[in-house]
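Below you will find one chain, with nothing else, as C-alpha cells; this is the form predicted alone, and questions on how it binds or moves follow later.
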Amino acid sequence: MQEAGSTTFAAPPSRARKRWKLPRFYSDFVGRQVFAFLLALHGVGAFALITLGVLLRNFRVAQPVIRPLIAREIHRAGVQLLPMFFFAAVALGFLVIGQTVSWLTRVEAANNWLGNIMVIVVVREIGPLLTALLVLARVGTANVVELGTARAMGEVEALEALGIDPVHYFVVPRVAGMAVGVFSLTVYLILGTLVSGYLWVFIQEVPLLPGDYFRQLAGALGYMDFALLALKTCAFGFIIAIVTCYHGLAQPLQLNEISRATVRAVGQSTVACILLDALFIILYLAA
C-alpha cells in the first residue's frame, strides 16, 4: 500500500515538471532576448547621442583633416558602388515591371497603373531599403572590421593620447559619408529602375508611349514622396553608420571577436532599417 501510495503521490509532481518545463524555457529565452535588445538599444542610442554631440560641437574643428575623410567615405559608400547599382537598377526594373506587365495585361490595365505601381513599389519601398541593405553589406561590414582592428591594435588609445577625439576622427566622417552615399545611390537606383522598367514595357509590346509613362510617374509622385525619400535614405545611412561604428569602436575587441561583432552589427542594422521603414509606411498612409 505504501509503495502504491508513494507511486501515486510522486506521479503528479513529475507530470507538473514536464508540463511547466517548456513554458519556463521559452519565457527565459524571450526574457533574455528582450533584455539583450534593450541593452543593445541603450548602447547604440547613447553612442548616437555622443556622435551627434561631437558633430555639433566640433563642426569647425580640424576641417582640413575631416573634409578629406568625409570625401573618402562618400566615394567609398557612393561612387565605388555605382557599377553594382547600375546592375541592380536594370535587374530590378526588369523584375518588377516584367511581373507587373505580365499580370496587368491579363486584365487590360497595364497602361493605366504602371506609373502608380512603380512609385509605390520602387520609389517608396524597394529602392531605399534595397540600397540600404546593399550599402550595409558592402561598406557597413568594412566599418566594423576596420574600426574593430583599430581598437584591437590600440590605435584608438593612441589618438586619445594625442588629444584627438576618436569619435570625431573615425565616426563623424563615416556618418556623413554614408548618409550622403545612401541618398545618392537611392536616387540613382530609382532613376535606373524607372528607365529600365520602361524598356521592359517596350519589349513586352505594351502600347504605352514614353510621354504617357512619365506623366503617370509625375501624377503618382507628390511632394511628400520627395521629402520622405530624402529623410528616409539619410536616416538609413545614419543608422547603418552608427550601429556598425558602435560595434567596431565603442567596446573593447580582440581580433578573434571582430567576426562576431560584424554579424551582430549586420543583424541589428537590418532590423533597425526595417523598423524605420515600417514607421515611414505609417507616415505615407497618414499623409
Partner chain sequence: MSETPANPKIPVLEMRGVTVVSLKNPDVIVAEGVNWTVKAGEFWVVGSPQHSGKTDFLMAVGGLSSPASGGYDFLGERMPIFEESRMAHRLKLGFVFDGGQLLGQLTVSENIALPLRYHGHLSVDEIELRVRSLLEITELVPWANSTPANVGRSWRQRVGLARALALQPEVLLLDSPLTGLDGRHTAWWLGFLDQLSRGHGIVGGKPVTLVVTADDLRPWRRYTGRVACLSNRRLIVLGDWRAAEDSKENVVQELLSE
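Since the structure is predicted, the reported quantities are computational estimates derived from the model, not experimental observations. Numbering follows the first chain given and starts at 1.
As for the form predicted in complex with its partner chain, it is not shown, yet the points below apply to it.
Relative to its partner chain in the model of the complex, residues V61, E155 and L159 are all within 4.5 Å by at least one heavy atom. Checking W200, Y169, F85, F183 for any heavy atom within 4.5 Å of its partner chain in the model of the complex turns up a single hit: Y169. Of the residues given (V121, V195, A137, I164), I164 alone sits with a heavy atom within 4.5 Å of its partner chain in the model of the complex. With its partner chain omitted here, the record of contacts in the model of the complex names 64-72 of 42-50, 64-72, 233-241, 220-228, defined by a heavy atom within 4.5 Å.
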